[in-house]
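Just one chain follows, in the form predicted on its own, and it is written as structure tokens.
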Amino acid sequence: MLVPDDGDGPFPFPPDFLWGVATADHQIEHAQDDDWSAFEQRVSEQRVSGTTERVSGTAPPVSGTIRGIGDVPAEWIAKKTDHDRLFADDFAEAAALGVRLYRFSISWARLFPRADMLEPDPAGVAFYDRLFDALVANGLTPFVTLFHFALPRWLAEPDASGRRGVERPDAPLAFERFAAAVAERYGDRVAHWCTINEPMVYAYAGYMEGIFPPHERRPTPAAIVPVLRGLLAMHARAYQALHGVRHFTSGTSGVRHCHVGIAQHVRRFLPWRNSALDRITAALIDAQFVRFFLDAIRDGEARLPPFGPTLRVEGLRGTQDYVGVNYYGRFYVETTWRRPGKFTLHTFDPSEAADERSDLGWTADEEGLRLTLARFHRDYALPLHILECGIADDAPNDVRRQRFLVRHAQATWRAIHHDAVPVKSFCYWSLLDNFEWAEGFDPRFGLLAVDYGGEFARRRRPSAEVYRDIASANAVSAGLWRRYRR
């Protein structure tokens, strides 16, 4: 993609800008007693009995399956990347890349594996004690996420009324208890918190598309309103809990501030052939998928477009101190007048030969990142953190990832320099290859390649050196820009 000509560089970032990498507990840690582990166990048992469909290649995942699950040994599913054993080495690698920020999530199921627990499990606490100590030893600043898609199995099960998961009336209180326990233990080491990762992805994938637990397929966006209400209430309760604990601990440690928000998954939705209907539908999807949750937090209420009910949640208004952005490029929206309520999402346009596509077929769009940052600054007037931005590229010389890094870093610089957007950090997804939910182990997002068949050994990809150059210099150098701008 052509970008505005800003010259040959270099493109320096503010002195306090933080470069980082991101991971998530269930995707890299040993399996816990959560709903995703239960799902993986069920699929594996069906595989052994011969009753599950084998899913592999580039076909989209079938509802209730995990891509390529029939091709991987049980050890992969149980250990993911074996981060439990290797986290100190992983952090040393991150530090060697010049990054200072490490975004990760704490497993709710590891700390509260049973419903009746009022205090976190000692074994889970001991694990995260060691992990935090290793972060400090490697000079990495933690950015902690509390819910990254995986629920404790006990919460995912139906209550007496038949409601389960985030729709259960006790979910907000349980999440508040979890958040408070984590903050009480680690609040003196953590300044930045993300309560919920990609709430709209979680709601749509789990309750409309049926590819995440609980694998429901509700007929319309309006049917997931109870899910959204539960997530918003969980966020509001956790926000208050985190700020409450920080109020009492801020004077006893080096951490002086508490910043709480969410991570919003963002796509740039473009009309397929620029018809009026495509434009209207793309705008509607953007309003539902990108803006709704952030608007609700800002205002304390929001209506799910176009004609959904207005959601109001007590204590919600203004409960974010920054806007977290997970950015993954653009989709194209195609509709027809024969079925105006239905649409097709295309991950790329075959007529656009210059588009850069990932191994998943997703189209990179660094200009969309700049536009997103500028829009969110205008709409929410808060600091911004890019908490995920990455590409799946398993090529030995991952040139696509190298270009992706340079171009998206430079687009972030443009947002800061031209649009005066207060972007505070950029986290690449991910530090290492991992389990990518319904996509399984096939997509490789890591700066570090994981040899799953070789005791989970890590190996730096060429793109890791590119990212090291950017992070160490706190700039996109003229040399990198000349090499990768086209």
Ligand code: IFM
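Keep in mind the model is a prediction, meaning the values are calculated, not measured. We number the residues from 1 along the sequence you see.
This next part talks about the form predicted together with the ligand, which is not shown.
The three marked residues, F149, Y328 and F445, each reach the ligand in the predicted complex, with a heavy atom inside 4.5 Å.
Contact check for Y128: no non-hydrogen atom falls within 4.5 Å of the ligand in the predicted complex. Contact annotation: W362 falls within 4.5 Å of the ligand in the predicted complex, judged by heavy atom distances. In the predicted complex, at least one heavy atom of N197 sits within 4.5 Å of a heavy atom of the ligand. The ligand in the predicted complex comes within 4.5 Å of no heavy atom belonging to S44.
The partner is not drawn, yet in the predicted complex one stretch among 429-437, 65-73, 29-37, 450-458 has residues with heavy atoms inside 4.5 Å of the ligand: 429-437. E388 is the sole member of D90, E366, E388, D398 with a non-hydrogen atom within 4.5 Å of the ligand in the predicted complex.
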